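As structure tokens, one chain now follows by itself in the form predicted on its own.
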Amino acid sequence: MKSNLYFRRVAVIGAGLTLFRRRLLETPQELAWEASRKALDEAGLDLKDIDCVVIGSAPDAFDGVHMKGEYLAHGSGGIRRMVTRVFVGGATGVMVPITAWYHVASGLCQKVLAVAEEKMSPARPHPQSVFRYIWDPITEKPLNPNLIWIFAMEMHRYMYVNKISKEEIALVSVKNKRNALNNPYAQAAGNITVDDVLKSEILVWPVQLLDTSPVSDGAAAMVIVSEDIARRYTDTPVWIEGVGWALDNTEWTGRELTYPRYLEYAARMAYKMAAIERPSKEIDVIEPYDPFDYKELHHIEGLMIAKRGEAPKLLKEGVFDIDGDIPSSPSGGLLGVGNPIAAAGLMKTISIYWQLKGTAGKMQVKKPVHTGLAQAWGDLMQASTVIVMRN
């Protein structure tokens, strides 16, 4: 079925990643340029060929640099050309290629360099301290919450309503860290067991250390171009077929945390554009956002790949394994590769690009793939971004 919507066709023709690590020595600008250079090299382009640059990064406080878009422009080719910085919290990494898509689909630009960077290590005493100032000063701040505290409540609610065990959720961390063993950029790969997860340090119950992704530094970049440019430079373009985003009520205390309706809205927008009517049958490989292990299951349900409360059952049956019916996070995800916030979402988009192009190496899923999806999530459990691609 063809979509009824008309835009100029947009393709990805190059991508690049840096290592994801804690306390990388490179500056944010150097990380951005390393990823950009790799993407340009694969595309067969030079920086002078680029019309526009889209930059994504989370709060400036991580890098300790004010006006980070302007700062990163020096490391990603944004001098003397149009530059846009986007920021929607953890959802930024997929909003970057969405914004680049708009630049090209609208006819504004022909060749866009899309870059996402995060250097979380400089935040002292810990990156969590950056989030001390995001709470409502009247209704939330007196409770002295932190993000893990909030996500623990969501995880507990998801488990309670759907009668899901910690053991079932831990299988996500086991799977993703195992997948990351095949990823040369990964920070936290490993062969772990469910028992390892259950015996790891309790942070805020039910969240334990191995339920979470690590603090990371890193950058990612893609070259996104119009159809005529794509066909001029490659025989194997990967097309951006659908994009979607949504922002739910910011008052998280008044929402049902069991189900990510913000993601369903974003997914429906992308599916409509890509003419997808049965996502569990029409999507071959997925990269849902997994800063915590329960979130991958939560998001798979929000993407309507699984019915509400049924993602853990499908996981246990092997549906989401790298050789399963719908491989999920073949890159290793944030749990295995790392979580430099904005760069993490773009890393997931790049993973789908590599899968569809057939250049994922040891990460390549076992089945033939033609349609893939990447998704990111941010703010206080309310924002989501979705991108659908085809080969």
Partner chain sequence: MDGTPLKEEDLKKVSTIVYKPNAKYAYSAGQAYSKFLLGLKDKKIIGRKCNKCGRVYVPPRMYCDDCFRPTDEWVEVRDEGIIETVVASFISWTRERIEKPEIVGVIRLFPSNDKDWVFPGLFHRICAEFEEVKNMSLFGKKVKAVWKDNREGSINDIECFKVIE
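Predicted, not measured: the structure shown is a model, and the values here were computed from it. Numbering follows the first chain given and starts at 1.
Keep in mind the form predicted in complex with its partner chain is missing from the figure; the text below concerns it.
In the predicted complex, at least one heavy atom of Trp149 sits within 4.5 Å of a heavy atom of its partner chain. At the 4.5 Å threshold, heavy atoms of Leu31 reach its partner chain in the predicted complex. Among residues of the shown chain, Asn191 is not one whose heavy atoms approach its partner chain to within 4.5 Å in the predicted complex. In the predicted complex, its partner chain lies within 4.5 Å of some heavy atom of Leu209.
Residues within 4.5 angstroms of its partner chain in the predicted complex, judged by any non-hydrogen atom, belong to 129-137 and to none of the other stretches in 289-297, 226-234, 171-179, 129-137.
Checked against its partner chain in the predicted complex, the candidates Glu251, Glu167, Glu282, Glu310 yield a single residue with a heavy atom inside 4.5 Å, and that residue is Glu251. Proximity of His103, Lys272 and Asp325 to its partner chain in the predicted complex is absent: no residue of the three has a non-hydrogen atom within 4.5 angstroms.
For the partner-free chain shown, Thr18, Leu19, Arg21, Arg22, Arg23, Leu24, Leu25, Glu26, Leu31, Glu34 of 10-35 come within 4.5 angstroms of its partner chain in the predicted complex, judged by any non-hydrogen atom.
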